[in-house]
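Look below for two forms of one protein chain, each set out as structure tokens: first structure 1, then structure 2.
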Structure 1
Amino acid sequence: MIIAEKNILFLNMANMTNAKKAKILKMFDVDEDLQENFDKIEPTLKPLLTERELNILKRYEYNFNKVLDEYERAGIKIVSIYSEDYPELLKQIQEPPLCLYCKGDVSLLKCPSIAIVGSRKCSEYGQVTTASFTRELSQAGLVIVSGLALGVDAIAHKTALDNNGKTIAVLGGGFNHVYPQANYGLYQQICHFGLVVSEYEPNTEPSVHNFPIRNRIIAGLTKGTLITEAGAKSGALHTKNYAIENGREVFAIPGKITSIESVGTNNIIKQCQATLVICPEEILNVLNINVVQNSKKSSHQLDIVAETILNYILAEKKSFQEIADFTKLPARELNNKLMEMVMNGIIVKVAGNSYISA
């Protein structure tokens, strides 16, 4: 580990803002070891740091190497801005993170990727579109980047993993405080089969203002950001802002004008801040990625019953009872038919014993 990297990690312990870190680092030579010479530089730092920050740094003055050992034992790899693994795209953004704490396959950072983000509380429509877009994009070879939140984020990660695709989760806190707890299982899976990234020291607790800041990394890692569903005040809109600021593509899937879950996405489309997309191929075209044509969807021959059902639920989700009343099929047969259609990927079952087209 070069000294410059060590300096960053050392300053990270105090959990200060990126601007402050950059300022301090600029004050000293790149190869001056801040930790070793802490006694000497303390007077210079004093006016810049709060008392709390100074105390933390003092605490680690002598035993910082232990911390580094701990990282190694926990399988945490450090990718700093000086490292070869640090992605070029991320370097280009304003205030790039000085170093990333990584768990998993670091090489994913440099692979072509797309961010898929959205509301934590999404509708069935959001669930289905997120899943289908993720599947297609993942199968086209893109790494799916998202924020491990509930809702759209979780679906994106999961779908990518389920399709043997690669995925990167960017956390808003340290590794020892994975948030939300409900996604801990998913976190572990991603550590194993993908990559988890955080710019925060592992013991940092998640805090409200960290999440919007980490969104810049999600936007920064990728050439394009897809917002599948976002309410009026969704955090996904922060990600969009960062993407626009840094000249990246923003895609949004339109929703019904009456749906409050789609207010955010509809708005940014209206304001021309995002490209309206209705199929994953459009994204691949914009990003100049060769599409391997697989006409999977059309390969299923639909019989008359399936076609009737599909046409019936095409416009909006219908409950089992509604479909039963419409088709006049007994529950036993309808159960079978619907399951068959679900398995063939034509329709999807959602909460409330209802079905929508995939």
Structure 2
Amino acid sequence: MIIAEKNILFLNMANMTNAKKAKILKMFDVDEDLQENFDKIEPTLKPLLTERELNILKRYEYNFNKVLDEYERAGIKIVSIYSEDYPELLKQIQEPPLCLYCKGDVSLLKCPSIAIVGSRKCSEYGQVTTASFTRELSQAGLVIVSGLALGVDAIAHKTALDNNGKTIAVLGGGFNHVYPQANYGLYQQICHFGLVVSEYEPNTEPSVHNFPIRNRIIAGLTKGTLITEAGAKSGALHTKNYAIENGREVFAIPGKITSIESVGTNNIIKQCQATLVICPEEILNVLNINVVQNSKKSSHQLDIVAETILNYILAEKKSFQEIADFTKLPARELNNKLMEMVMNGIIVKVAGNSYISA
């Protein structure tokens, strides 16, 4: 680890703002070890730091190397702005994170990607459209980037994984305080099959202040952001703002005019802040992703049972019991068939043990 990276990690221990860290780093030569020479530089830093920040740095002055060892044992990789693994797209945003704490496949940071964000309390319409668009975009080779929140974020991450795609989750806190706890299992899956990143030191607890700030990373990692469903005050609109500020594409799926969960998406389309999209191919065309030559996408030949089920639910959502009554199939056989169709991306399971065509 070069001295410049070590200095960033040392200052991160105090959870100070990026602007303050950048100001401090500019005050010293890049090869001056701030931790090793803390006694000497403390008088210079004192006017810039709060009492809390100063005390934290003093606490880690002598045991910081142990912290680095703990990171390694926990499988945490450090990707600083000086690293070859740091994505060029992220360097181009305003106030890029000086370093990313990573768990998983760091190579995904440099793969073509798209952000998919939206409401935490998404409607059934939002669930279906998020799953449908995510599946197509993931199968086209794009890494799906989102924030591990409930609702749209979780559906996007899970759909990518279910379709053997890749996904990146950007946290609003440290690895030792994954939020929300309801998504901890999904977090573990992404660590294993994708990548989880945070600009926050692992012991940092999530806060309301952190989440809008981390959204700049979600937008900054990608060339485009898709908002599948968002209310008037959805946090996804912060991601939209960051994308626009940094010259990235913004896409939005129109929603029902009677749905409060679609007020945000409908408004940004109306205000020409997003490109209206009704199918994934429109996004792929804008991002110049060649779908025809993509080998990940496959078709599934429907057997007579699957075709019967699909035709039955094509027009509207049907419950498991309704499908069972219509097909006359035994419960276990029907459940197996429905699971197979979900895995193949033919239908989507929604709330209430119901299914709808994808």
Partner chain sequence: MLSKIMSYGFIGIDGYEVKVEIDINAGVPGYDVVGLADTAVKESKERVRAAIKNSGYNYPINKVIVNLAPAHTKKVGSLYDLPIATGILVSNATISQAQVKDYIILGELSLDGGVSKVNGILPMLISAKQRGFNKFIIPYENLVEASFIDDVEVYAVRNLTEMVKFVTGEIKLPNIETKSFYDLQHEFESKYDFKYVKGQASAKRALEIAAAGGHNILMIGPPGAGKTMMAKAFSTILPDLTFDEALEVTKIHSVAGVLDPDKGIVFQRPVRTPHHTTTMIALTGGGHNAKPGEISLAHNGVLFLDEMPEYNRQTMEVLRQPMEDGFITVARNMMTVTYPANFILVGSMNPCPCGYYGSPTVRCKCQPTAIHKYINKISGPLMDRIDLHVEVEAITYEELASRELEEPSSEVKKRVNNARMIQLERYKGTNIYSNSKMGDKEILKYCKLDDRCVALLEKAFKILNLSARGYTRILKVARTIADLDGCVDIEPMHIQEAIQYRSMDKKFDV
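Residue indices: 1-based, along structure 1. Treat the numbers as computed from the prediction; the structure is a model and nothing was measured. We call the rigid core the largest set of C-alpha positions that still match within 1.5 Å between the two forms.
(message) Between the two structures, is it 1 or 2 that corresponds to the form predicted together with the partner chain?
(response) It is the first structure (the form predicted together with the partner chain) rather than the second.
(message) When the rigid core is used for the superposition, does Ile41 move between structure 1 and structure 2 (threshold: C-alpha shift of 2 Å or more)?
(response) It does not, since the Ile41 C-alpha is displaced less than 2 Å between structure 1 and structure 2 after the core fit.
(request) Could you tell me whether the Cα atom of Ala324 shifts by at least 2 Å between structure 1 and structure 2 after core superposition? (result) After core superposition, the C-alpha of Ala324 moves 2 Å or more between structure 1 and structure 2.
(request) Could you tell me whether the Cα atom of Glu307 shifts by at least 2 Å between structure 1 and structure 2 after core superposition? (result) Yes, its C-alpha moves 2 Å or more.
(request) Look at the Cα of Lys349 between structure 1 and structure 2 with the rigid core superposed and state its shift in Å. (result) That residue's C-alpha sits 4.9 Å away in the other form.
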